[in-house]
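As a starting point, one isolated chain is supplied in structure tokens, in the form predicted on its own.
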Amino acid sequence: MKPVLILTLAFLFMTSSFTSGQTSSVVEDFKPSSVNQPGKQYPMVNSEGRVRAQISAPNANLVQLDIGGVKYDMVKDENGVWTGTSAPQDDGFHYYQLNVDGASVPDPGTKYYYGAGRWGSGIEIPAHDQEFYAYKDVPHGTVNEHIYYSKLTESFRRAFVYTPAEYRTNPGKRFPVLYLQHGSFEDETGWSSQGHVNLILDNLIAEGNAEPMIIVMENGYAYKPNPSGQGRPMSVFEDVLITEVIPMIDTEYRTLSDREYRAIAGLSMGANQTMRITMNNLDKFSHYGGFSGTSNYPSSDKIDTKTFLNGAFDNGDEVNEKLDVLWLGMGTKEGEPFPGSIGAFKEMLEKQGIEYVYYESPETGHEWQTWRRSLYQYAPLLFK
């Protein structure tokens, strides 16, 4: 009995020491998140990148902070207020939620963002390189909400359109256009809200590192009407962009409408969509950017370039002639299928002798900091 007792006590001591060590190792320099609702103290972020959330739920039995794919148990005090702290998170923006007795709800302390197919909570972990999307005393552009009726979808749709500061101050000038797409389960609000596209371009343009350009951000979910409700709806996003959105933008904004002055890019699902759009319409685009995605290219030894995307990459010389920039980027912490798919796609490009630019965002995954950095790297290469 004595050896067992000694081992048990030793185990409890080690467990207690480990737990208290974990708690005591948390740096208590928490500050309210930069994206909190006005006057809200929680959620908070500390210098380690930990998130601390708080919610009043006196009748709840179990409340958890759900962030980064991990659920952290929160602790209730005598007033029924639950508080919980996460492990350190990567730099940048993250979606998260609170789980109250099995129900996932937004944190009432933060602003809400559309992601993961819903409006929910978001938080910023201050990044070491956040200067490139910081508010600065430079000329600022404008993001407009552009509502239009789509005959293809028989519905009202909207795009967000960024125009640089010079668009207002130089009314005789025309500008090149970048069409910039969001990822799956996000929408046209993503790039201007989570992505800070306007601040990134304002700063780049003010530094002389990017050409002043118009940026159009559309909703990548567009479907043909299906009155019967039978079967899956058919996507017509490519047709909407090519036959409705581009002519509308060229008509209603001061654009340079030649293909040399039109670029396109997208993240994840948007990278897939925009690659197909680009390669099917090389008469309309001269620059392509794929952020954390390509065209779901599985393996260079399993796909024949004569059939992949209708042979779009079979003639490398022709692709080099028509595309001024073919840009690919991803985060170093992204998991499959992205490294495998993008790696295989790069191998195919090299085999075909197609020129491309590749970038890796250090220590970020399939998330907005990767895509912010990707835009920051991609935009300076356009329209040179």
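The numbering used is simple: start at 1 and walk along the sequence shown. Given the structure is predicted, the values throughout are model-derived calculations rather than measurements.
As for the form predicted together with a further copy of the same chain, it is not shown, yet the points below apply to it.
Not displayed here, a further copy of the same chain is kept clear of Lys284 by more than 4.5 Å at the level of heavy atoms in the predicted bound form.
Contact annotation: Pro108 falls within 4.5 Å of a further copy of the same chain in the predicted bound form, judged by heavy atom distances. In the predicted bound form, at least one heavy atom of His140 sits within 4.5 Å of a further copy of the same chain.
At least one heavy atom of Gly102 is located within 4.5 Å of a further copy of the same chain in the predicted bound form.
Think of it this way: in the predicted bound form, a further copy of the same chain has a heavy atom of just one of Tyr223, Tyr112, Phe308, Tyr261 within 4.5 Å, and the residue is Tyr112.
For the options Ser56, Thr332, Gln41, Ser34, the residue carrying a heavy atom within 4.5 angstroms of a further copy of the same chain in the predicted bound form is Ser56. Heavy atoms within 4.5 Å of a further copy of the same chain in the predicted bound form map, among the stretches 204-212, 122-130, 84-92, 141-149, onto 141-149 alone.
Along 250-277, these residues reach a heavy atom to within 4.5 Å of a further copy of the same chain in the predicted bound form: Glu252, Tyr253.
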